[in-house]
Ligand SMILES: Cc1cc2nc3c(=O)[nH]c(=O)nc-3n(C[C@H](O)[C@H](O)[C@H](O)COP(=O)(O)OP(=O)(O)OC[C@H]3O[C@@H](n4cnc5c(N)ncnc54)[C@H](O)[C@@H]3O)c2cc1C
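Take a look at this single chain in structure tokens; it is the form predicted alone.
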């Protein structure tokens, strides 16, 4: 006999785990399927930390961050542990920055989220760990925070199970239809709806449904640095930060260990997700280390690096939609900046899967020009 569930969630990274959690919490029967082991390092939901912030380039995203803060707070209560560590956030715009400061200030102002603009001297006076070029402007938002990557995903999986969901690892999905999911071994599950959160493997699952999703997968690299005085880089002593230029970098204060994590955004090579490697890229390490030595000269030597995957849409906007022509199939894709919104993704995907809403936003639709016009010029700096 074919087992039946109200909802089958394909992919149990952060977004899929959040969807399974929210659906199960609503009393639905849920099956979650993951092709690798739970908590694996082949996607984008592992490691220690991710940024949660209000500062974004459009009012729509800023409003969505307000929902994200609320959803992380509710998740923390449900999990019985505080998952948000507020440290303040500093976006650093050098002279002629590739990312426009005005986009951020306009968006925050429209949504009435308070912020400060600081010159290089004022930044260095407040946080003497920084050494910045003349003319640098910092946008400081005091609610900038850190959320746990691997542990946060695991918490949502634990909650999904607590509410009755069945989560299966080592269960690669071969195909989906409006009312069924077939595994690579031929096992079939029937369902009322499917939620696809398969990240780099999303396009392959959507192609048989008539959707040609133009995704680029890159192999990125995060590095941990060991300062001689880690107390100077502790939460409360140093904010998280983003260097808003090309190349773009970002980093954290010490979080859970006496190291400083940093990485380049969108700096890695395109890869095939099923055949990519995991070796450290020395050139990427050198570029990041040089930046850290200039900007945070006390951050110390690099002690370890790890690889992670970015799955990028051409406009770097999310996918959060039902599949056109297949309303019982919903898709969530974070475009390599979605973890901060994971609990919100889960709630909105649950709304789509249960029919409580028909759509979320044209910005995140599958039929938008960036995903349907072959001539669309990809851009990833936001």
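Numbering follows the first chain given and starts at 1. Computed from a predicted structure; not experimentally measured.
Although not depicted, the form predicted in complex with the named molecule is the subject of the following passage.
Residues placing heavy atoms within 4.5 Å of the named molecule in the model of the complex fall in a single listed stretch, namely 304-312, out of 73-81, 304-312, 229-237, 115-123. Checking 201, 163, 224, 130 for any heavy atom within 4.5 Å of the named molecule in the model of the complex turns up a single hit: 201. Note on contacts: among 64, 320, 350, 44, the single residue with a heavy atom within 4.5 Å of the named molecule in the model of the complex is 44.
The named molecule is not drawn, but in the model of the complex it has no heavy atom within 4.5 Å of residue 330. Of the heavy atoms in residue 68, none are within 4.5 Å of the named molecule in the model of the complex. In the model of the complex, the named molecule sits within 4.5 Å of a heavy atom of residue 51. For the chain shown alone, residue 189 is not a contact residue for the named molecule in the model of the complex, no non-hydrogen atom being within 4.5 angstroms.
Each of 15, 36 and 173 comes within 4.5 Å of the named molecule in the model of the complex, counting any heavy atom. Residues from 213-235 that approach the named molecule in the model of the complex with a non-hydrogen atom within 4.5 Å are limited to 220.
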